[in-house]
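Given as structure tokens, the chain that follows is alone and in the form predicted on its own.
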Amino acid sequence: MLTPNQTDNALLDRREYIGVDEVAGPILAISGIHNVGYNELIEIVDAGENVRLGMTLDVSEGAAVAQVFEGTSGLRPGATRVRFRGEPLTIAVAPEILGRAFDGLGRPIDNCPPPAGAFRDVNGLPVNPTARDYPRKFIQTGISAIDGMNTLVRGQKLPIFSGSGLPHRQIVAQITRQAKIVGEDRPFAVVFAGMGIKHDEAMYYLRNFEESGAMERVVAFLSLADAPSVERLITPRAALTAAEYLAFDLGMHVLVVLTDMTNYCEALREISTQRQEIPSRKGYPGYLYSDLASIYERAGMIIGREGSITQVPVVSMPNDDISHPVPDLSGYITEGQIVLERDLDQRGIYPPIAGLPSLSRLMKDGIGPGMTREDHAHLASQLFAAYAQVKRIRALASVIGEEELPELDRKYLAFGEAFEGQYLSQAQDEDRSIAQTLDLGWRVLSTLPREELHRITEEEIRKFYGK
């Protein structure tokens, strides 16, 4: 039974207010109302009796500022009616969400009825840090540049930093098709969130999932470029809510792809400007770091639960600038980054994953005996060191000419060609095992003299060098 206070609140939640104070962009302000909650769902009714959804952004005594998901076009302040729902935005979750496609707010767009299941708050619940399990299990993506040198670990968040025109969508599609935990039969469920992407890009991903047979284990949330930009703020949260249900309620391993996080941040900047907040770097709000963290930190594992959430966000770098606020802050929050290099792409190398700026901070915990192979760590370290030497020698050769280089430097240049042409480069449908990746690493490393291998033990050299 409701208490008197609860009864009053329930009645207030159903109350309709006529007229708003201001409409600006996707934002509206209203006063003279009962005290409402932060992130509370609202219904906005225009003069034509069309209902739009929104959510409160700022609340104070008897007033609120809200964002309207479908935009504010056609809303007249005096003729607009507002109803407060007294609850946050939720999405329906059930096992049958697999194989489905939804819009950015979690509404079906595949001509099927909404899932018949429980409703979950899209904002999620914070996980007690002491309840988090440490990521350790190696995920094999079948891509040598990732598996061998920037290993992805279950429960990790490892973004892909890409520039305009670089093949990040092909790489993401290949990872979602091929990702597996070695020694386990269960494939990953994939939750895909597209924010501000074009229609042809969305169709590329969906067609790829269908042709590879992976669509039956994919949940797609699509907020396309022609959708209101404010919708992009909800899309990753709706996707992660679905991922948390699949992982921690159904015990599945879930790979979450978020593309493009820069589009998300552009929408956040637009809303911040409409709210007349004091801007920070390049006009982004000062809370950009904490807002991104509220998304990225929903990856991981929980002690005592079977499932896991691994995130692969795609972050565009405007003008290939890795110091841009979005990739810069993403790098601080996540456990590394996969950086795509334009020079490699222009030379026809796929995937054009840069050898030196790329990094996986959890790699050391997911490789070695019992997980990959005992020589993995030393081999990766030696490949990094040798490739760094190649970069230095190439810079020198551009000044004095290759013919002036000593014999050892020319051997390093030959190693660089073999490393890029054989180790980094592979076909878009080529799925290499970790053993193939490591053996290939030794093959290209064997083009260097043994005395140049300073990061590998003598035992490993005797076992693998030149084999």
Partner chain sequence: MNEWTVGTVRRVAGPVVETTCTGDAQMLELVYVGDHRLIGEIVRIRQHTAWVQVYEDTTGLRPGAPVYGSGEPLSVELGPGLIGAIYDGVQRPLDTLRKKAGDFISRGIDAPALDRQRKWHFVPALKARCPVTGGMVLGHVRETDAILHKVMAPPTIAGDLYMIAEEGDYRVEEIIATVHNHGHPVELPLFHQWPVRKSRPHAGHLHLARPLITGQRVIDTLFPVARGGVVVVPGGFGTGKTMIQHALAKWCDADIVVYIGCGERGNEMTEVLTEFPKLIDPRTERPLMDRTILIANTSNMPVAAREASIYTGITIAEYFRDMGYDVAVMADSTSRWAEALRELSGRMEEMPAEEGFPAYLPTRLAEFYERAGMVKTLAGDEASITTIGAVSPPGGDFSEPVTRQTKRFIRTFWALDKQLANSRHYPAINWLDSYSEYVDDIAEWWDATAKGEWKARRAAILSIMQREAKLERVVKLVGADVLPDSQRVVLEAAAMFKNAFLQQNSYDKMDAFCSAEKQSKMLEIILTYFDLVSEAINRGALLADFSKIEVVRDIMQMKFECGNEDAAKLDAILAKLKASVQERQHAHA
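Positions refer to the first chain, counted from 1. Just so it is clear, the structure is predicted and the values come from calculations on it, not from any experiment.
Form predicted together with its partner chain: not shown, discussed below.
Contact between His454 and its partner chain in the predicted complex is found at the 4.5 Å heavy atom cutoff. Residue contact check for Arg281: one or more of its heavy atoms lie within 4.5 Å of its partner chain in the predicted complex. Taking the partner from elsewhere, Glu420 is found to have every heavy atom lying beyond 4.5 Å of its partner chain in the predicted complex.
Although the partner is absent here, Pro406 is a contact residue: one of its heavy atoms lies within 4.5 angstroms of its partner chain in the predicted complex. Proximity to its partner chain in the predicted complex, defined as a heavy atom within 4.5 Å, singles out one entry of Ser229, Thr80, Thr262, Asn150, which is Asn150. When you look in the predicted complex, the only residue of Ser358, Ser316, Thr372, Ser272 with a non-hydrogen atom within 4.5 Å of its partner chain is Ser358. With its partner chain omitted here, the record of contacts in the predicted complex names 287-295 of 96-104, 232-240, 218-226, 287-295, defined by a heavy atom within 4.5 Å. The three residues Asp46, Arg76 and Tyr205 each lack any heavy atom within 4.5 Å of its partner chain in the predicted complex. If you take 26-42 and check each residue for a heavy atom within 4.5 Å of its partner chain in the predicted complex, you get His34, Asn35, Val36, Gly37, Tyr38, Asn39, Glu40, in sequence order.
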